[in-house]
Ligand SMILES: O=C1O[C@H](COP(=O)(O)O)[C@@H](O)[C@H](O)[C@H]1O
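First, one chain by itself: the form predicted on its own, in structure tokens.
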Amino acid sequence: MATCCFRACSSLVFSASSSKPEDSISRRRMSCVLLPLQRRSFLMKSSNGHPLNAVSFQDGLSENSPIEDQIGHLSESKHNETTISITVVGASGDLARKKIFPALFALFYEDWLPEHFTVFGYARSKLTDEELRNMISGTLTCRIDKSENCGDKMEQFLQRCFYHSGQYNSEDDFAELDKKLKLKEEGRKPNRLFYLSIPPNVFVDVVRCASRHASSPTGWTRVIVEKPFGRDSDSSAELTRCLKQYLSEDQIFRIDHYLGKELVENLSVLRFSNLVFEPLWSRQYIRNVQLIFSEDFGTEGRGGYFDSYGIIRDIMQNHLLQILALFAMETPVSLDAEDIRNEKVKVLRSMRKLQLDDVVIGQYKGHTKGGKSFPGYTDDPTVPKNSLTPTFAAAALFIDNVRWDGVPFLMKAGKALHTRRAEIRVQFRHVPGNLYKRTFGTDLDKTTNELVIRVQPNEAIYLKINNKIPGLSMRLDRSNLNLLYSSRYPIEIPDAYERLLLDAIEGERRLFIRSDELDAAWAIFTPVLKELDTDKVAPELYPYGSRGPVGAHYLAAKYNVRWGDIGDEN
């Protein structure tokens, strides 16, 4: 399929088709050309960046032209225009309603979507267009700092939303969808994006039907696939093989929404554009790296799904491992998607396969606190009473390369814990021959410099340093150099789905997962997952709302590490 890279500012600028995005996402956002809003024309560029003959309603007509010529020119102009049709498959589900439709509206509100676009919901539920609009209207919100014309914008967006009911494995139903899409595309060159917000067992059916009967005949067709991408190496490879029967790798956008988080995207900027950090980014100065994910709620409403996967597959193998790869990769040749993904794959292939001795698993149990009772995992009616599925896991991973040899990368992820957070903690080595060690006492860990990148909530970057307390005596204190995003940048941070949807529309693949990247990720975790399943390893129980199993602390101590989030609640 031909591909096309959309570029949008307030006035919507488009690039011509190319097999590869001609610009990185960062250059795109810095170099947008602003055109007058009242004159929405298309600035077309060839793949080498030179402008083609642009066509716009106002440029193409002359007051002195014969009316027949003007009509003919209008017809030709419309035929040369592009439009995008976005189909959300699984439109009646929670993810679509709470995340995908609101993200699309946010892009529309900020004028990031092209002038001509249509959104279709597709699901088995019997709904009308108006019922779909009523369903999603309650989840649409405008930016807190930009709420003007909010109601008008919502109404304009909803009028572009339509619904088609059909089975996920019915080629006839997708053929009917294709007819509706063509009616809305009105003779323009169509580009089509399908978002699969559905269970993985129907991915292939939908892709087969859509590729045969609803793909774009002249423009590009792209498919966003939500995790999980299989349960292990074999099932993941089989899913990839089946998808590639109908799609090329360039058409498949495997989404991990954590890669769209603002602080995760800032990782490479922090490291590669600040001289103070890059020289320190190695085993010579870094003692350990911690990737921590915790939720303060259980599996309420998702027990059936979660029990099939568990916390390692749900969080560690994708979210945390992707962040680790971005953190640890070498400097890429450029900001091009393939250059970045090449470096991530090198990191993943350099990692040791995870061993059972380096894993601790847990499962939350019922707990009463302050007169309120919290249910245990197996109290969920959708979860088997004898389930051994872990809701908590901690692991120690290692990268066997020159930069990171011997540095433990500790992961910790869990549900029903005492707080909600996602963060990266970089603990540096002790100062050799520290002149102030007598002042610090024997616990040198408390004096370690630590860089903390808080992904959520309250996005922040802060560096822990040692400092003298003002006064006549020599008393030292540990202080934070703090960049709190809400104070420094008083704007609402876009949701991760907004960035990733925009990237998919523009053909920017940097934040999506390539098939060989997926293979390398599963190779690290599959052996230990099979061992846990085969040996039926019982998880350590921990109370709902606690810090998790004690075993996680023993695992950290095994590598002379103390979890950085302990005693750092602020």
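All values reported here derive from a predicted model rather than from experimental measurement. Start at 1 with the first residue shown and count on from there.
One more form of this protein should be noted, the form predicted in complex with this ligand, which is absent from this view; the next part is about it.
Proximity to this ligand in the model of the complex, defined as a heavy atom within 4.5 Å, singles out one entry of 349, 182, 271, 420, which is 420.
Between this ligand and the residues 454, 287, 261, 231, the one pair within 4.5 Å by heavy atoms in the model of the complex involves 261. By the 4.5 Å heavy atom rule, the three marked residues 293, 314 and 415 all count as contacting this ligand in the model of the complex. Though the partner is left out of this view, residue 341 does not reach within 4.5 Å of this ligand in the model of the complex, counting heavy atoms only.
Contact annotation for residue 153: none of its heavy atoms lies within 4.5 Å of this ligand in the model of the complex. In the model of the complex, this ligand lies farther than 4.5 Å from every heavy atom of residue 365. In the model of the complex, none of the heavy atoms of residue 212 sits within 4.5 Å of a heavy atom of this ligand. You can rule out all but one of 423 to 431, 101 to 109, 399 to 407, 251 to 259: in the model of the complex, only 251 to 259 has residues with a heavy atom within 4.5 Å of this ligand. Taking a 4.5 Å heavy atom cutoff to this ligand in the model of the complex, the one contacting residue in 204 to 236 is 227.
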